[in-house]
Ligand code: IVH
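Shown below, as structure tokens, is a lone chain in the form predicted on its own; questions about how it binds or moves come after it.
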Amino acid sequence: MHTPTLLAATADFLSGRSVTPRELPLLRQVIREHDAYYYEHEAPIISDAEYDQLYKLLVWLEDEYADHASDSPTASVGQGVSEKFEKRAHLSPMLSLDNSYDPDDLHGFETRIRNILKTDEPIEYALELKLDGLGVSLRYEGGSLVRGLTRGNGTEGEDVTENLCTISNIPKRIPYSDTIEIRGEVILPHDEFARINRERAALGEKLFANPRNAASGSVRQLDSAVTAGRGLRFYAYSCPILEDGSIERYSEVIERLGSFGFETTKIFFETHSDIEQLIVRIAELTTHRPAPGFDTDGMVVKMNRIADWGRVGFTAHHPRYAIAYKFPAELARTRIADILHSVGRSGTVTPVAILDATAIGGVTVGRATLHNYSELAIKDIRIGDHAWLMRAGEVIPEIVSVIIDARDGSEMPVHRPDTCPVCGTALAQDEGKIAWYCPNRSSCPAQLQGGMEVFVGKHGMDIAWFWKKQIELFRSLGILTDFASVYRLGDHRDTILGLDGYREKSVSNLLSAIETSRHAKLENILVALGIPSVGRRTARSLAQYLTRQIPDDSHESPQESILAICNRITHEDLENIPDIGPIASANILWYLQENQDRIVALFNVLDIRLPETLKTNEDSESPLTGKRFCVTGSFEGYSRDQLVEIGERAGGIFVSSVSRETDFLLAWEKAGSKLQKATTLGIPVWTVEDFLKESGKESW
């Protein structure tokens, strides 16, 4: 697709809207095209952070819907292979490393190893720098360098032998007579990076964004003379033949590579026999990072005893005997060009810093949240200030502090607005709270937009083909005014068909999805309403309670019964419901009272499906009572939602992600990252048979 179209599709996926499984092929295509910009053209058009968001969204969708295509970007390792270079196979797969930003994951890493090896003996680890460059392999035959490949997709890479031969610290001959493959990283030193960008600026050429991309682009030049002038360096860290068990420890492999004439990760290399000692050491290195003169982005932890590598094994993407710990944050200096006031779905008004484009950790950042106006005042952040920007692995960019000495007197303080920047309503603040919010929940455009996005989203009414931009457009035309009006859009079919870009098929798909959503579960409707404090779990509990209050001999419709119960429900009733405390109770009552007409109008156009009632506290307990469980993969004869319902009816507590608090993971075919994390953390993995037996389903 053309670049503008690609950027539009990227922005749409990053908008925060719900993404349907039907869009998986398009998301995969978008990521592949960004891969081409990054790896083949060395000219990415989005930041690493945006790419990571797209990739994580793809991983989540594939796991959520158990749709793992063999040609998906998640099924490959590393970068693509450009048509500019001949493709060659590695002697053995060149895998990536599993990554972590959390030191606690290192405990899980060791637990997994101990569970596999069934040992309580001390495990020795090697600790080395994680180099941030381009992974390559070098093949030597009879002691001579005969081929150099990029990592590529892990199985085959680009033949860049001629270019790699120009790197001065790569030996052209080594004292080894048989065929051998050396793996390592090509990096660009900081001083060379600065020199190259100065020269490019003088010539009016585009500057490299970071040393990593510059190293990749330099190695993948068609003219090897360009590569030779870039001052690249190579550091070796692996040799599969030497790691086949003939050498006892990884530290000895590094020594052997050094004896061949390679510079290695010995520039920083330690061994540790205690995981706690290792974690403390990594914490020290995170605070006081080694400064080798080129980019590093963390530490690599490997089992030092090579004989155990094969026993611990591999996944399709990474070895289980090693893990990369990413440094959690990096500081960079930026300038605050402006401070805007953003209104969220709940009405909370938040200051947002608009930054001069700032490169940090390989990412160009343009904005950062300031969280709230108290923090803005405490840090004395002003428009025009120079400030320190922090970005951790998966954390939103944050202003750490301003650089007072850099002020010249032109900086302008920013104060909290008295009125909503969108609708002009006077802002309010709850007693004891920090946040300020717009109380005009019924007609503030920003809140209405956000509320409608939640309403049509996956966990709400789950209306496919209904996206953020459509909501904005339909609202601007006055044909989308409240939740009930969604179900009157069919009356405006001709109007919609007259809009630019809307065709018969797309409009029919949208209206069909809307009609399907009329037959909705009560718990989904409660989520869709956007009641403060009511998420999926609370909505399930509330739906169960409301259903149990309907008399067995009632002749009313479900809509009439639920509305009648909502009209008489009290704080005490709500606080006796699991997952509902005083704050949630107050929010629910407020919403029911303030939005009665809105709810009635919606219920009148829906066909509400009531849930089967779950076991109450008076019922006998099952082995699942109180256990936190997660579900992943595809199951013959059962949908994921059915299994969740079975578990909850047996007293279990469903959680959407795996953590240390998860009691077990229910997994089957096509299980993805959740199974991997459960294995890492040592969490039991159950089959469907285990699950049904423990849940007592057969007795229901």
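Please read all numbers here as calculations on a predicted model, not as lab measurements. In case it trips you up, residue 1 is the first one in the sequence shown, and so on.
Below: the form predicted together with the named molecule, not depicted.
The partner is absent here; in the model of the complex, the one residue of 189, 171, 108, 319 having a heavy atom within 4.5 Å of the named molecule is 319.
For the candidate set 397, 450, 530, 135, a heavy atom within 4.5 Å of the named molecule in the model of the complex is found for exactly one residue, namely 135. Within this chain, residue 131 lines the site of the named molecule in the model of the complex, having a heavy atom no more than 4.5 Å away. Looking at residue 163, you'd find every heavy atom of it more than 4.5 angstroms from the named molecule in the model of the complex. The named molecule is not drawn, but in the model of the complex it has a heavy atom within 4.5 Å of residue 265.
Within 4.5 Å of some heavy atom of the named molecule in the model of the complex lies at least one heavy atom of residue 237. Only one of 350 to 358, 555 to 563, 88 to 96, 539 to 547 places residue heavy atoms within 4.5 angstroms of the named molecule in the model of the complex, namely 88 to 96.
Contact residues in stretch 147 to 171 (any heavy atom within 4.5 Å of the named molecule, taken in the model of the complex) are limited to 151.
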